[in-house]
Structure formats: structure tokens, C-alpha cells
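Below sits a lone chain in C-alpha cells, taken as the form predicted on its own.
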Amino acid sequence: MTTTELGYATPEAQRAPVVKLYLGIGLLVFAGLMLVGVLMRAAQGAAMLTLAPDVFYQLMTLHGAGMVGTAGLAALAVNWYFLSQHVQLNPKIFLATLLLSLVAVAMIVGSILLGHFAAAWTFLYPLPAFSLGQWSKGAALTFVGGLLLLGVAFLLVYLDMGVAIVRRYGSIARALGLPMLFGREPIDATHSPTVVASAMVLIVNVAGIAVGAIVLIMTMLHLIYPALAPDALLMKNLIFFFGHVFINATIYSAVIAVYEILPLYARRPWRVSRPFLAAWLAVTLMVLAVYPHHLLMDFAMPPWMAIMGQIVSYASGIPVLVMTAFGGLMLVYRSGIRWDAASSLLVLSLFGWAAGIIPAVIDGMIHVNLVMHNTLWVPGHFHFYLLLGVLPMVLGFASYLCANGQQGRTGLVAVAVYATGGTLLCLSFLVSGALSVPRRFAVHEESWQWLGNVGALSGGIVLIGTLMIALPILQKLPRARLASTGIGARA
């Protein structure tokens, strides 16, 4: 008997149209923002393009804020789609979240392209209020207000998801599997990994967005009343807690696609176990505690926080990553899995996630961080996470739902092009970092420029691979009957 027949899932006919909207808009925006990234690297290479510094920093702000926000929304679509097969979610609230997000995006893009705001997605206090004539107070307020509205949109859908989870499972802790983990209940083989991951994301991202709302409101008050000057170190702590938690919650939302789709290709179930539940509990706590590794260069930080940031960096993410990567490999091993665009992208995402953690852990060491943090090493490690981890999860999800795997060899070629370009791009950033090329420089020294050109060419290959994967999906999307995931059969 399927979950739909049991009556606690959201009917397919209600959720499919909204998911299609998320996917269609997300794929188009991803491609556009990739082009922006290619232009930035080409400008640093100076062989194909030049950009005025003020334009470069506007594009950097657009690329950073846009990619983080779009990845968050696309991963939310993955999470919402699969969670709605276990609990009754409200598609109208999910649609309202998308509409609010589009208004927020219009505010952010308008503040950058029309208002010339260029303080990066981090909007580090007090930079938004000190533009040196580059942008107006209104542009800064519009940018910050757009981020705040985006957070409200996420909280709206999280409220619906939280109520639905509590209504079926009794509490968020029970959805996370804590009674099973601590032996108060036997292991329920039908308890879905999707529900466990969703509970974790709710806990950490509601906290992260709430902190983000506080720092955004404080930034707006400072813009309106300059005499109201909050503590700069406190503001930086709040910003990086918010940013770190949000992007990690994005990864943990998107990985649900691996848990749900890969077992269908391997024809083997992905069941919860006590080690699996322990890993998700550990990462829930560590994601909330590890953010000080972003502030290791801030000498005013209490030493214990820097030490905690370094130690927790070693372990943060590893429990779930090991469980997921090991589980994925065991699932695929000798399974006779059918390889197409979707299954290839999901396995690629496990590689990107696993490989991306290595430069992150290296940068999380205090003495390394003091040398490497302001170099292109850092964009190298988060491009590994996002370009080869999160985005293949989203593309694999979209590809499977639209039966894009039917394109066979063409789909595999597209994934190979994407993976080749993505790996080269990440390596171009990491090699640049190892050679001490600074990040956030609009103009590069002549000896650094070849790395910019390699990055631009690699980014171009990624864009071609993305279009090869995404265009067939976009063509089929309006009339596509979204594929069943067979969850009921698995349970």
C-alpha cells in the first residue's frame, strides 16, 4: 500500500505544478548566474574581457547572493517534494513561498543592477552604510530588505513542514528518530531517511534564518539611524552563523534526492539504522557550533571559540557524509544499476560532496587559515560543494522526475562534460589559492591571469554541460508527468 493510499501524503496532482515552477525557474537562473561567473573569471584573466572594478563587484554580489539563494530554493523543492510523500503539506503555502522569493529576488537584483549595490552577499557591517558614493542608502536597504523577505518566505514553508511533521510523527525529535536511536523504540524500517533529514533541516535552518533576520534588521536600523551602531564583531558572528547554517541546510535538503532516487536505480532500499540516526543527530549539533571557523582571522574572537571552530571543523559533516557516501557505494556495488543522466549526476554529487570537504577541513586549521583564507582557496572548496555536490543533486532530481534519463548516451555525455568542466574549475580555484592568489580582487597581476583564463574556459564547459542537461528538461517540463518514486513499494 502506498503512502498516498494511506492518506497522509500530499496528492501528486497538487504538488507537481508547483515543483515544476521551482525547477523551471531554478534551472534558468542557475544558467544565467553561471554566465556571470564565467565573465568574472574572464575579466580576471584579462585575455578575453575587461570589466571596470565597480561592475566586477556588482557581478560578484549578484553571483554570490543569487547562487546561494537559488541553490537554497532548488534544494527546498527537493526536500518539499519528497517530504510531501510522507506528510500532508500545503501546495498553496509552497507557491506563496516561491512568489515571495521572486519578489525578494527582484529587490536584490534591482538593488545591484539599478542601485549598483556591491557589498557582496555577506553585507558585512558596516560596509553597506559606507559605499564611498558607489551606491545609495536606498539600494543598500533594498538589498538587505530582499534578503529579509527571502528569509520570511523560507520560514513560511518551514512552519507548514513543521506542523505537518508534528501532526504525523508527534514531535520533531521523533521524526529525527531519537526514540529509536536511544532504544526507547525499536528500529522502524519504514521510517524514511527523508523525514530524518527534513527534521534536521528544520531545526538548524529555522535557527539560522532567525539569526539572519536579527542581523538584517540591525543592518537596516543602522542604515536608517547611523548613530545606532551595533558591535561589529557581534554582527560578523551573526552573519556567518546565518550564512554557514543556511548553505549547510541547503546541502542536507538536496541530499534527500540521493536517498530517494538512487535506491530505485539500484533496486535496493535505503533504510534507517542507529548509526544513520546517530550521524544525523551529530551533524544537527555540529552545524550549529562550527561557524567560528569562518572567523579564525578575527583576533578579537575569544580563543576558545576559534579552537572549537577548528576541532568541530574536523568532524562537522563527516558523520552524515560517511554514512551517505558509504551507503551510496554499497547500494550501487554489484546492483546492476542502470546508468543514465539522473543516476550519474547523483553519484557525481557524492564525489563532489566528499571531495569538497577536504579543502574545507584544511582551511579550517587555524595556522593554515591565517595564510589561505583570503585567497581563492576558499571559493575552490565551496564551488566543490555547490557545483559538484548540491547542483548535481538538483539536476539529478529534475532529470529523474522528467524522465530525462531516456536520452541515454546524450545524457551521459552531458554529465561527463559537466563533471569535467566542474572539476577543472574547482582545481583552478584551489591551485590559485595554493599560489596565494587573493580572492575578491577585480584585477589580477599578470602572473595570475592564466589561472583566470583556465577558470573562464572551465566555467564555459560547465555552462555547456548544464545546458545539455537542462534544455531537454525544460522542453519536457510543461507537459511532463512527474515520475513516481515508488516510496510505498520500498516501504
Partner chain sequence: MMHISILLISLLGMVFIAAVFAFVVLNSGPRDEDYGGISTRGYIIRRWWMIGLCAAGVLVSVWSLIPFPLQASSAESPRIIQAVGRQWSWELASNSVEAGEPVRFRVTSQDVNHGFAIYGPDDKIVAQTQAMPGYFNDLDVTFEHAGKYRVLCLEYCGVAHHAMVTEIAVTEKH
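Just so it is clear, the structure is predicted and the values come from calculations on it, not from any experiment. Positions refer to the first chain, counted from 1.
Heads up, the form predicted in complex with its partner chain isn't pictured, but that's what we're talking about next.
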| message | Each of 49, 96 and 226 within 4.5 Å of its partner chain in the predicted bound form, by any heavy atom, yes or no? | response | no
| task | Only one of 218, 107, 203, 318 comes within 4.5 Å of its partner chain in the predicted bound form by heavy atoms, so just point that one out. | result | 318
| its partner chain isn't shown here, but in the predicted bound form which of 236, 191, 174, 244 has a heavy atom within 4.5 Å of it? | 236
| So which stretch, 191 to 199, 345 to 353, 174 to 182, 83 to 91, is the one near its partner chain in the predicted bound form (non-hydrogen atoms, 4.5 Å)? | 345 to 353
| query | in the predicted bound form, does residue 281 have a heavy atom within 4.5 Å of its partner chain? | reply | no
| message | Under a 4.5 Å heavy atom criterion, is residue 322 part of the interface with its partner chain in the predicted bound form? | response | yes
| task | May I ask you to check whether residue 400 falls inside a 4.5 Å heavy atom distance of its partner chain in the predicted bound form? | result | no
| query | Using 4.5 Å between non-hydrogen atoms, is residue 150 touching its partner chain in the predicted bound form? | reply | no
| task | Sequence order please: the residues of 208 to 232 with a heavy atom within 4.5 Å of its partner chain in the predicted bound form. | result | 231, 232
